[in-house]
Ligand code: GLN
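One chain comes next, on its own, written as structure tokens: the form predicted on its own.
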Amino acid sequence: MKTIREALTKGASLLAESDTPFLDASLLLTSVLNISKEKLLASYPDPVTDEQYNRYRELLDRREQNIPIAYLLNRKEFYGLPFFVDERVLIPRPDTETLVETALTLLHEQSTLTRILDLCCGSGCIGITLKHEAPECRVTCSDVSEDALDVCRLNSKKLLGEVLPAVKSNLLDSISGKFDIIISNPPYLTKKEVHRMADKKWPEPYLALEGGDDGLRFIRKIIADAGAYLAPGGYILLESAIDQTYYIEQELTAAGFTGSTVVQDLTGRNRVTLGRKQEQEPHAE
């Protein structure tokens, strides 16, 4: 029978090629033992049963195969909330919290913004977080993947105690009604980037990653169609790669949106681009 210290040492050695081998081993062992990380680090001499150690080794083996920790634990914290995740959805990233923060700023500044569409919702991390932080808002989630919508519904029930409206839609094709905010973290990686990930057997769904040759295929379509689904004065908020924000600003302006703005994430990188639909429809001369 091994001690916790011995199990951690063994785990970190097996995960030596990981960027964070000791952290990974610690997270997996805390999950198996069902204790906090703090308790784990304070319990080095305590024994690990053979059954627990075997389960731990199974998780280590899967981590060695490049399976993300979030999928192994079926959990990823986002904006302080514990979201369920598995191979059906993209793992929420800290970068996307900038998208949420930008929307929350708008909501706090303008109380008339109440109808929100989380487009390409995946796990539901954006829409569910906005509803959690601003309960007065009416949030609709949509995705082309029914599998992703199932995860979104699960998270909505778990974290909000209610199931948000979840619509299966290829971008905006099956959406009805008007919204004050359309917010989206759409697929924006290039085909080349996704092919490199495929070569490494990256397990996240390619449907949630690949955005065409330049990564902007879906973003262009969203911008082109969003005006018909936004109320006058409504906002569109889009997450993207750093080098895409300049082109997104141009697309927003060309589509008639005003005040296009780029918001940087916590590391100072361009991350979110937003535009506003005109308060009044322009009149033809």
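Everything quoted here is computed from the prediction, not taken from an experiment. Sequential numbering from 1, following the sequence displayed.
The following text describes the form predicted in complex with this ligand, which does not appear among the structures shown.
Colleague: Taking heavy atoms only, is residue 108 within 4.5 angstroms of this ligand in the model of the complex?
Modeller: Output for residue 108 is no: heavy atoms all beyond 4.5 Å of this ligand.
Colleague: Quick one: does residue 93 come within 4.5 Å of this ligand in the model of the complex, counting heavy atoms only?
Modeller: It does: once this ligand is placed as it appears in the model of the complex, residue 93 has a heavy atom within 4.5 Å of it.
Colleague: Heavy atoms within 4.5 Å of this ligand in the model of the complex: does residue 188 have any?
Modeller: Yes - in the model of the complex, heavy atoms of residue 188 and this ligand come within 4.5 Å of each other.
Colleague: Hey, in the model of the complex, does residue 160 get a heavy atom within 4.5 angstroms of this ligand?
Modeller: No, residue 160 stays farther than 4.5 Å from this ligand in the model of the complex.
Colleague: Could you work out which of 72, 208, 134, 149 is the residue within 4.5 angstroms of this ligand in the model of the complex, going by heavy atoms?
Modeller: Only one option qualifies, and that one is 208.
Colleague: Which one of these stretches, 174-182, 81-89, 136-144, 208-216, sits within 4.5 Å of this ligand in the model of the complex when only heavy atoms are counted?
Modeller: It is 208-216 that comes within 4.5 Å of the partner.
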